[in-house]
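The chain below stands alone and is given as structure tokens, in the form predicted on its own.
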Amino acid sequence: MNSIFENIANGLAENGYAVVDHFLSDEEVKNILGLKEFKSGLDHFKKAGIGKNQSHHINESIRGDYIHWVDKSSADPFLRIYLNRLEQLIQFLNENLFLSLKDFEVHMTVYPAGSFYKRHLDQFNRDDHRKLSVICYLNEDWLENEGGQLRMFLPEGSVDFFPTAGRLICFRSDQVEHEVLPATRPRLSITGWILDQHAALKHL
């Protein structure tokens, strides 16, 4: 994985984002898709909201996805493979970019067909502990005409990336505005944030 980690570090240092394929293998993606959370439709998922704490609310005109937070202490072994890889990525970025990253939080994400998430930043106004956003896609045999791109808004213009299985997109949570475009089929991912403090402290 070192070459993949190097590509991520270089992309973050040079552009504020990185896109790498095969962060998860086809078999690893298939195993995660076989977990009960994804196999049961939306039974294990809750409607995602916007804002934090008292300002948190549901607004389907802005965001239409469903999420299931991952408990790292009891994660399924197949999902643990991905979590361990994120831990290794944090160590690599700290050693090579001299960051002070300490932890991460992730949730499983389902965008039903036709849903979207309008342009936004991942870092909250009054909480700057999200440093890097990380999205790993789980969509097998994705076709470009199915849509579902992640669109990032950069100084030089916007750029789109399709949610193909095993692809990881990592970007600065405080700098890169982005949106999720509608797709013609459900769009699945593991979405999370790398933090500069331990995740448990965010909820105290």
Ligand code: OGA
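From a predicted model like this one, the values you see are computed outputs, not experimental measurements. Numbers for residues come from their place in the sequence shown, where the first is 1.
What comes next is about the form predicted in complex with the named molecule, which does not appear here.
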property: 68, 80 and 106 each touching the named molecule in the predicted complex (heavy atom, 4.5 Å); result: no
property: Listed residue that, although the named molecule is not shown, lies within 4.5 Å of it in the predicted complex (heavy atoms), from 72, 102, 85, 120; result: 120
property: Any non-hydrogen atom of residue 167 within 4.5 angstroms of the named molecule in the predicted complex; result: no
property: Touches the named molecule in the predicted complex: residue 23 (any heavy atom, 4.5 Å); result: no
property: Partner contact for residue 135 in the predicted complex: the named molecule, 4.5 angstroms, heavy atom; result: yes
property: Touches the named molecule in the predicted complex: residue 150 (any heavy atom, 4.5 Å); result: yes
